[in-house]
Ligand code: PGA
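Here you get one chain, nothing else, as structure tokens; it is the form predicted on its own.
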């Protein structure tokens, strides 16, 4: 069964390192039935266009401005990354929500901007350990989905991937259990059904992110409730990432 394998580089590697990485990755995953996506830093996107363009590997950015253009020093627009051949953008990652205090209102605006510019969105949702321990995780994720997708048309969901990334599992070596992943996937689909339709719920792409690596990816990807994974630091090793990307299910 085809899966989507997404690599989030965060603020790691320099452009010259990514050049080699991209060439190696394009060769190693040739022929895979999975959809493979890498999201390096903005500075790497020109190399992505040069060495991944025309390959089976898609690429995208880790963030965009909510604004189309204008006097926003230091920001990067959807149109800019689209012009470099990017097809994806990660929006609402826990790093952005936590460290940069991005609200659901801002995330909603970014999603609309991305979709209006023909980009596919990887929308990250997930709860902290405090929220989880207070038994509010499901309600919290439901509200994130409602607020983040407010005003989105149902047909636009074809360009949205929802990444469930429990914050307590990111970079900690911990992981949600199969039961945790299945339950939250069910919650997400049910909320999509409530806000849109049963068809939309059935078709929405859901991936899991949270300390996914070479040691546990097979078990996680074998969970039938999810359609792929969002991989963080483990994607920096091109051999490991290629192996994960080539896996068949």
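Positions refer to the first chain, counted from 1. The structure presented is a predicted model; accordingly, all values stated were derived computationally and were not measured.
What comes next is about the form predicted in complex with ligand PGA, which is not displayed.
**Student:** Only one of 34, 62, 211, 185 comes within 4.5 Å of ligand PGA in the model of the complex by heavy atoms, so just point that one out.
**Tutor:** For this set of options, the contacting one is 211.
**Student:** Using a 4.5 Å heavy atom cut-off, which residue among 233, 225, 24, 13 comes into contact with ligand PGA in the model of the complex?
**Tutor:** Partner contact (heavy atom, 4.5 Å) among the options: 233.
**Student:** Quick one: does residue 169 come within 4.5 Å of ligand PGA in the model of the complex, counting heavy atoms only?
**Tutor:** Contact check for residue 169: yes, within 4.5 Å of ligand PGA in the model of the complex.
**Student:** Answer for residue 165 alone: is it within 4.5 Å of ligand PGA in the model of the complex, judged on heavy atom distances?
**Tutor:** It does: once ligand PGA is placed as it appears in the model of the complex, residue 165 has a heavy atom within 4.5 Å of it.
**Student:** Within 4.5 Å of ligand PGA in the model of the complex, counting heavy atoms only, one of 40 to 48, 190 to 198, 54 to 62, 203 to 211 shows up; tell me which.
**Tutor:** Partner-contacting stretch among the options: 203 to 211.
**Student:** Can you name the residues of 69 to 100 that have a non-hydrogen atom within 4.5 angstroms of ligand PGA in the model of the complex?
**Tutor:** The one in contact is 93.
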